[in-house]
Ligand SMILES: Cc1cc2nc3c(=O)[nH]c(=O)nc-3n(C[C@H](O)[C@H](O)[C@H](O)COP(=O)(O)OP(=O)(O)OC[C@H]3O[C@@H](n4cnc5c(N)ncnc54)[C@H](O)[C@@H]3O)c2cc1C
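One chain comes next, on its own, written out as structure tokens in the form predicted alone.
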């Protein structure tokens, strides 16, 4: 699209993507007309069936010191927590090179303040929505022979970031959570973290702005930015808006390429299962640190999520072996029933997360097209950052103050 075309539909803002980030942005833009273009009733992203953790504690970017060693160790052990899919595109090798170069203290120091701001805003605003949250704080569980040292390091790290965390007496932890096994050696309570049902959050945000228009089962084919508006082509239909926000998850690079911007975002597939009839068996949301598994009680169900498999954005294949691995790793730490005869009883699910090469989301306008903004690359904590991201995007659109820490999240860093 090289010239202005007569649009079929006009809006103040078009949001590309109807996952948790997209619906959060639409929810806060009550002062303008909003159209959300989505490829379907969320099919591939992780907005609906993740572990449901709101983790202010995860303010350090994923590309942090030690991550390369941890990833290589996981690959060598074939433990299933980190993997490279045979479906990984060749561009994934370039992404890996960039990621490895960013796993340093300089990257962490530059991005942590902005991430912490997003997470704190999100946690506060989620609590104001009125959806159920866990009454207990999140526990991080350690089972290895280095558990005590690892737990103390985690507490010290949280204190350095300025977040509350403390050790829980092991005996008290086992008494209050009978589902935990004697393999548990140390427990840290992360004082700002809690659990929610991610589907409930998504639905609440999607319904929060009754004036927003949602258009499902569409794919953006063209994007042309002019001084006063942006034209978005969807099949034979043209949408026009003063601003466009690209929040398309792992598909964001496909959309930004339409305006000549190549963002280093790759898809990382995760798995989840949901165990029914677990009411009263667990009260705390948990991170099983050594098993690389997230656990969250949701009413009478127990949600479990794991794995970080670099792959293509449309990879939703489910390997029985991976589901079994995740379940058995969790059984090392938790008293769970034997793996069921029918895997379908666990409601196995998979989706892809958008992961940036430096481990932090890209949020803000594109330099080459200032009326096109990006909100993507949140990795495994998009649910945790959704409302903070929406708040930041809304301030960009309204011309309000953006802090130096938040400016560090620019797509052109």
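Residue numbers count along the first chain shown, from 1. Quick caveat, the model's predicted, so the values are computed rather than measured.
A second form of this protein, the form predicted together with this ligand, is not displayed here; the remarks below concern that form.
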{"property": "Complete contact of 52, 219 and 384 with this ligand in the model of the complex (any heavy atom, 4.5 Å)", "result": "yes"}
{"property": "Interface segment, criterion being heavy atoms within 4.5 Å of this ligand in the model of the complex, picked from 333-341, 180-188, 242-250, 106-114", "result": "242-250"}
{"property": "One residue of 380, 67, 373, 34 in contact with this ligand, assessed in the model of the complex (non-hydrogen atom, 4.5 angstroms)", "result": "380"}
{"property": "Interface residue in the model of the complex among 255, 267, 141, 118, criterion: non-hydrogen atom within 4.5 angstroms of this ligand", "result": "255"}
{"property": "In the model of the complex, residue 271 touching this ligand (heavy atom, 4.5 Å)", "result": "yes"}
{"property": "Partner contact for residue 388 in the model of the complex: this ligand, 4.5 angstroms, heavy atom", "result": "no"}
{"property": "4.5 angstroms heavy atom contact with this ligand in the model of the complex for residue 39", "result": "yes"}
{"property": "Contact flag, residue 16 vs this ligand in the model of the complex, heavy atom cut 4.5 Å", "result": "yes"}
{"property": "Residues in 337-351 close to this ligand in the model of the complex, defined by a heavy atom within 4.5 Å, in order", "result": "349, 351"}
